[in-house]
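Below, in structure tokens: the form predicted on its own, a single chain.
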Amino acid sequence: MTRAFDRAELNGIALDLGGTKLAAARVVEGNITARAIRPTQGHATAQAQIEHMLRMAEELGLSDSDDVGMAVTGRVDADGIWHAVNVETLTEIAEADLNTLGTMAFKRPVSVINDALAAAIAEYRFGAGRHSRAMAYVTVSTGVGGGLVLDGAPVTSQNGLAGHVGFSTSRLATGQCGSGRIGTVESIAAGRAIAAEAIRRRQPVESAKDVFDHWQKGAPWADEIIDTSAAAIAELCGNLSAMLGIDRVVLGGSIGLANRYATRVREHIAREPALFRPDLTTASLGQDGVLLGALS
């Protein structure tokens, strides 16, 4: 039996450093009462990223009594060293000691966690993952990430790679993703991959959002691209069931939460043998799961 968690115990400043945006939020008794959002500076150093987040926290009235939690994209090892796995997104991040940099900048201990794992913890404790014995959070956005909670315990590893499910392989993929691996789920299902495939087909788009707009309007070429992405995520869900006995997958991220996307993933999951069909639900905390998880 795992213990219950009280969302009202969450107070302080939560920070989220993603591949495309920086977010800061003031959390009062588990509710976000104010926030600031800025584009991520992809070529900034770790020190510059920390300083940018400090300024955002100060905009929200950072006080000496505030707890501060930081969630970041990429890999955070057991020593708090941050590694940007996708070097195309954050070009200046190799090995950054976020624990030390954060503590020095904010003049207090700063907890550091991978963003997808933060969202997984929040969804398990307060959201769509409650009552699951083996939950996977899968975020489909610029990339494909994830976090795992088994019997109430977040799954971590010394090298910080645990939960990076987008770097597992897919039978549908042949390209290389930012991790350097070939044929990954991320290389076929992520927003970056969706946009790249549309551009390869000489379609008039600049982003995955443009592809989704065409899909919603019924464009056959867009349907093919989105369907391939959804099929790869469904395959991933089946693989997670086979490897870890996952009983529930919580789908998040800007693409994962896009209109009709989860329905398409469910259609592909339904084609799997019954044993490999975890319950698929969407993140009930939306984009706020990462921020709440950063303070959990």
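Computed from a prediction, not measured in an experiment: that's the story for all the values here. Numbers follow the displayed sequence, beginning with 1.
There is another form of this protein, the form predicted together with a small molecule, and it is not shown here; the text below is about that form.
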> Non-hydrogen atoms within 4.5 angstroms of the small molecule in the predicted complex: do 24, 69 and 111 all have one?
Replying inline: no
> Just one of 50, 62, 258, 231 has a heavy atom within 4.5 Å of the small molecule in the predicted complex. Which one?
Replying inline: 258
>> Just to be sure I understand the contacts: of 133, 209, 181, 201, which is the one whose heavy atoms reach within 4.5 angstroms of the small molecule in the predicted complex?
In response: 209
> According to a 4.5 angstroms non-hydrogen atom cut-off, is residue 191 in contact with the small molecule in the predicted complex?
Replying inline: yes
> Can residue 254 be called a contact residue for the small molecule in the predicted complex at 4.5 Å between heavy atoms?
Replying inline: yes
> Going by a heavy atom distance of 4.5 Å, is residue 287 a contact of the small molecule in the predicted complex?
Replying inline: yes
> Would residue 12 count as a contact of the small molecule in the predicted complex, using a 4.5 angstroms cut-off between non-hydrogen atoms?
Replying inline: no
> Where, among 217 to 225, 201 to 209, 121 to 129, 101 to 109, do residues come within 4.5 Å of the small molecule in the predicted complex by heavy atom distance?
Replying inline: 201 to 209
